[in-house]
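A single chain comes next, written as structure tokens; it is the form predicted on its own.
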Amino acid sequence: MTHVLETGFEVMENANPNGSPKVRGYNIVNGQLTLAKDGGTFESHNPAWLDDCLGEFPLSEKEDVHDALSAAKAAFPGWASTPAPTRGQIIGNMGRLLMEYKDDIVRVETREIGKTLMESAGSVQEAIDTCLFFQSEGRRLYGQTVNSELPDKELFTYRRPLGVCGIINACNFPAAVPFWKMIPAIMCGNTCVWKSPQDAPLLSFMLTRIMHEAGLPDGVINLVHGKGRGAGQSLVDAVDEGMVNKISFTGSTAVGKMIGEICGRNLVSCSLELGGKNPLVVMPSANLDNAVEGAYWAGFGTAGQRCTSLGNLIIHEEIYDEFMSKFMAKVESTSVGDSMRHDDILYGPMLSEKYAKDFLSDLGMCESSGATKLWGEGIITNENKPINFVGDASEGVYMWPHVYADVTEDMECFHEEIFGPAVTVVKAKDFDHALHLANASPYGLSSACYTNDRLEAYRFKTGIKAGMTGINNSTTGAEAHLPFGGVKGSGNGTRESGIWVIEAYSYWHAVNDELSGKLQLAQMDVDEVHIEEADADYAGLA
């Protein structure tokens, strides 16, 4: 086996038709480059150019995952005892290396999952921001000194790491989200096994190598590639075997519930960041042009493939026609294509052929629900494409932008997440009706309200059941130092990002330091303080 830092990327001999490199990828276990024990492999393809294969990667199974978990367990004592400021310094090194390699990482992300170069740059920048934020948190992993009710006694609290963390994330933010999870995890002293997204293994391999280049000790972060039903399920099943002390998962609500059940019966902590049907309300006092821009980006940025993408667009009936006229003009002018080869693209292909298949199924749900289709014709082909599609549609897997109107609360498409470029439009009678509609889906991740009425803004942000809310902003805004996560079907209350995520990767340890040299019993040996009878004259009551 070769250490992760001893070799560059291996380029395979059978190059792609377009001349782009095809990489031999590996798992990284205890700092070593490894293949799957049974020799299984899979390929990663560019969804904008399906003939472009980025590389071949290990199709890991249970034994490979267990090897990674054993490496993480062995590395845990040494890493947990490393001073937190030192851990923070290594994390800071990661951020600086990400800045140095940013352009290369961005191009790999766009090539591997089809996001525009601008959006990939934003994802990588968020990973950088996370590293720089948590570098300093290594010097602020505070506990407290607590006053005792007894003499000659000191009380302290400390944050302690949980142990081995299993990390599973979706492929739509393959740089930002795993860093949201692993950086605070290792800053708190935990070690990790990261199951890379099946559709972004090359980027995950690249990022893990950068982490090691930053000075990360072997075994602290271990990378295994594979499918969700293979390596991913094995990582979750290892909770039942006592090999995992924490699971952090970003993905579908159905899978999140399964993970929550397994963790719950083992009393193991889990962080679940799940789906959304995010509402965006537009009221008559809003700046309509601003609201149109926010709704358009929320609905169709990243081809609608964000958990925070706009789901239900809720418009007050007084401004419905005017708003929809402006909104549909934007939708009909949408530019779609491969931003690696063309400029001024709003969104690129679906993340993979699987995501495209699932999206088409969701569109069928909209039509069977009885919604009125205003725009969109499914998959883009050279014979069926919007006017501003750029390129050869047969090379990749692209979708039209879709808008469905006349959606009501009793329709299935009102409640279910549609992961792709589609917006469902709902008409509201007044503010109270709009707020009711915004709360009526089973999800509660992100939300937004466009209004210039201060009371409406206040009532919305205090009345909405969601983890995040934008006032006169889209549903997709997030920064590395704000808590990210949802309620209801969107998560279990844990949060990513900012100082709040530390709660998810550490536990409180209370220490009682007795200095008196004798046994003192709290609540029993405390001197009783008697209430003195007040002098009536002194009390001013005479």
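Source: prediction; values computed, not measured. From 1 onward, residues are counted along the sequence shown.
The following text describes the form predicted in complex with ligand UN1, which does not appear among the structures shown.
Taking a 4.5 Å heavy atom cutoff to ligand UN1 in the predicted bound form, the contact residue among Ala478, Val487, Ile499, Leu50 is Ala478. With the partner omitted here, the residue from Phe134, Tyr404, Trp180, Tyr450 that has a non-hydrogen atom within 4.5 angstroms of ligand UN1 in the predicted bound form is Trp180.
Proximity of Ser120 to ligand UN1 in the predicted bound form falls outside the 4.5 Å heavy atom cutoff. Within 4.5 Å of some heavy atom of ligand UN1 in the predicted bound form lies at least one heavy atom of Asn172. At the 4.5 Å threshold, heavy atoms of Thr250 reach ligand UN1 in the predicted bound form. Using a 4.5 angstroms threshold between heavy atoms, Ala303 stays clear of ligand UN1 in the predicted bound form. Note on the interface: of 221-229, 197-205, 305-313, 383-391, the segment with non-hydrogen atoms within 4.5 angstroms of ligand UN1 in the predicted bound form is 305-313. For the stretch 120-137, the set of residues having any non-hydrogen atom within 4.5 angstroms of ligand UN1 in the predicted bound form comprises only Glu126.
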